[in-house]
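This document opens with one chain alone, in structure tokens, the form predicted on its own.
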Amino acid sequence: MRIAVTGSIATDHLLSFDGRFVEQLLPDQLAKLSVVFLASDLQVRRGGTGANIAFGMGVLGLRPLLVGSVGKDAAEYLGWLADHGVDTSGVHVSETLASPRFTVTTDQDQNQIGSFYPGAMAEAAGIELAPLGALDLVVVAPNDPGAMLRHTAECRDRGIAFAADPSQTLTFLDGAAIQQLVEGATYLFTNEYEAGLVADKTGWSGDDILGLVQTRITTHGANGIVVQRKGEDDIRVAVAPAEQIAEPTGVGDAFRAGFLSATSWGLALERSCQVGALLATHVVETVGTQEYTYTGARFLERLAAAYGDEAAADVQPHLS
């Protein structure tokens, strides 16, 4: 199964704040907000939603095609991705713009405030999927909005299955754009808050959405994952226990990587969610979205502990 992952390829600047954001904000002064949070730590890591998802799939033994735009400063990063199983031949390199940057501060409650500089990502809208060859599934992850709309439209026109993953872009997209990104998707990924944004901005009800996509997957943080399909009972999957909590950035991307890898292996939705949940746990245990360590044997051991021996037996033939 040939899967293309479209999305941002960025560098993450991760800061830690030894306090709580809510204690520093004055509700009656939010219209004149001017705050500074003194960070106790800074970590610079590889990131970007498209790169994170592709990396996770590569770690699990697939060879996803990464599609996005970077600057000339990304040569080392692209080499890292290639070394971890990612096909980077679909990445455009800008002649003039720097690669995207994401800066996020995390407080003691794991709340986050972030900023994103798109840079070379602005040129992703010029990338056409057709020259990349036959594709079985295209993941449309956060990217330049024009690129997301173009990739989605091309998938519909060419009859290619696609996974809609609008996530962070929902905050600045209007209802019409969100409708274009979602309608007809094979999979729709959001977290609980993002699901509310989709409903609020489009005016769609939950039933409306289930009539427009094949499978809706909503993550609920520590409360697990809910999978919905029209006319079928909901599937609920618990999170995989973490051995430690380090930093949450990239957890959703890892879940998508694990889920899509497992579905490409032919596993059922519940089992696919379990694989995604465990890969997500690997990320929350480390600082950085692509810094976790992985071995097939240990992954299967943890999968059995979280979800039972049958889960591990189903996944084992697909892991090297």
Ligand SMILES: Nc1ncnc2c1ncn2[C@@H]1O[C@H](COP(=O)(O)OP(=O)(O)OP(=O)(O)O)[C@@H](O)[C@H]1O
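Quick note: we count residues from 1 along the sequence shown, nothing fancier. Since the structure is predicted, the reported quantities are computational estimates derived from the model, not experimental observations.
The protein also exists as the form predicted together with the named molecule; that form is not presented, and the subsequent description refers to it.
- In the predicted complex, the named molecule sits beyond 4.5 Å of every heavy atom of Ala161.
- Although the partner is absent from this view, Asn191 contacts the named molecule in the predicted complex, with a non-hydrogen atom inside 4.5 angstroms.
- By the criterion of a heavy atom within 4.5 Å, Ser264 is excluded from the residues contacting the named molecule in the predicted complex.
- When contacts are judged by a 4.5 Å heavy atom cut-off, Ala134 does not count as touching the named molecule in the predicted complex.
- Contact annotation: the named molecule lies within 4.5 Å of heavy atoms from the stretch 251-259 in the predicted complex, the single such stretch among 33-41, 61-69, 251-259, 264-272.
- Taking Leu149, Leu129, Leu197, Ala240 one by one, only a single residue has any non-hydrogen atom within 4.5 Å of the named molecule in the predicted complex, and it is Ala240.
- Of the listed positions (Gly206, Gly79, Gly224, Gly184), a single one reaches within 4.5 angstroms of the named molecule by any non-hydrogen atom in the predicted complex, namely Gly224.
- Residues of 263-286 that come within 4.5 Å of the named molecule in the predicted complex, judged by any heavy atom, are Ala277, Ala280, Thr281, Val284 in sequence order.
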